[in-house]
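Heads up, the chain below is alone and in the form predicted on its own; it's given as structure tokens.
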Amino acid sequence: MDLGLTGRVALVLAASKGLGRATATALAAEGADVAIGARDAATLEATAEAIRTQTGRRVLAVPVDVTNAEQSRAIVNATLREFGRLDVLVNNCGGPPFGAFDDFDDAAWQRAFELSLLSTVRMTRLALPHLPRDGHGRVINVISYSVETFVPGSILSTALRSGVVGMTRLLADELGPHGITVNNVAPGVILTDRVRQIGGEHLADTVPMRRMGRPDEFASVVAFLASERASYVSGATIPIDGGASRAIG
């Protein structure tokens, strides 16, 4: 199936490894040129070279901390200089720490706010003036299945990423007349290097499918949402969790 992404330009954040890397790879494999950002410059450039080799597409690597306003502005500007356009923004970032409500003071909540909510607000605001108004503009936010189901210890992530869900629904209404779609993807237990490092493979037992998801399975959904095939999908939060979200209604 041709997703219609050839010649499009995507900016993918937190893309040096894990879900971000898989997403950038999937978009490039579908014909998009991609700009990728993450904090570790060396790992980021190695990822860029790997994607270039695998897909033959142009890949721009720009180190960025998404909690830094100037760096966030810089990666958008660099993308526009390199490719001359921006069609798809994939907001992605690492999650805040786990713990009980009483574990976190005001400073911890402020850091979580800047990472999980404000970075998404800022990057979206910076990208929006450049997204096409011809039905191809896309904003895709990577959040967590904690907004769909109970995940113990996820108080920071759930609170702040629920804010992203609310923003997405309102933005979908505002931007719909301009042909720009805004959606969330909510990954569950996906087998990334980070999960391996913490020995989280046992979490597969909590998933109805009795296995962990693969990064490429996650990335395929993002690529679909970025494509022409998803032109009538907006304001949605799509869990990619093997059925772990059991909420009804």
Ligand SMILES: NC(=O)c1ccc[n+]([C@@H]2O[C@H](COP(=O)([O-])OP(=O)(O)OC[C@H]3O[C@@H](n4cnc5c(N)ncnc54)[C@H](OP(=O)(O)O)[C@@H]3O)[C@@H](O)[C@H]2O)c1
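Counting begins at 1, following the sequence as shown. Since we're looking at a predicted model, the values are computed, not measured.
The protein also exists as the form predicted together with this ligand; that form is not presented, and the subsequent description refers to it.
**Student:** Sort through 99-107, 133-141, 169-177, 86-94 and report the only stretch with a non-hydrogen atom within 4.5 Å of this ligand in the predicted bound form.
**Tutor:** Going by heavy atoms within 4.5 Å, the stretch is 86-94.
**Student:** With this ligand left out of view, choose which of D65, E217, E49, E201 has a non-hydrogen atom within 4.5 angstroms of it in the predicted bound form.
**Tutor:** Of the listed residues, the single hit is D65.
**Student:** Counting only heavy atoms and a 4.5 Å cut-off, does this ligand in the predicted bound form sit next to every one of A15, I190 and V195?
**Tutor:** Per the other structure, all of A15, I190 and V195 touch this ligand.
**Student:** Check whether A38 has any heavy atom within 4.5 Å of a heavy atom of this ligand in the predicted bound form, and answer yes or no.
**Tutor:** Answer yes; at least one heavy atom of A38 falls within 4.5 Å of this ligand in the predicted bound form.
**Student:** Does any heavy atom of L19 come within 4.5 Å of a heavy atom of this ligand in the predicted bound form?
**Tutor:** It does: once this ligand is placed as it appears in the predicted bound form, L19 has a heavy atom within 4.5 Å of it.
**Student:** Given that this ligand is not shown alongside this chain, does L126 nevertheless sit within 4.5 Å of it in the predicted bound form, heavy atom to heavy atom?
**Tutor:** L126 lies outside the contact set for this ligand.
**Student:** Spell out, yes or no, whether the shortest heavy atom distance between I155 and this ligand in the predicted bound form is within 4.5 Å.
**Tutor:** I155: no contact with this ligand in the predicted bound form.
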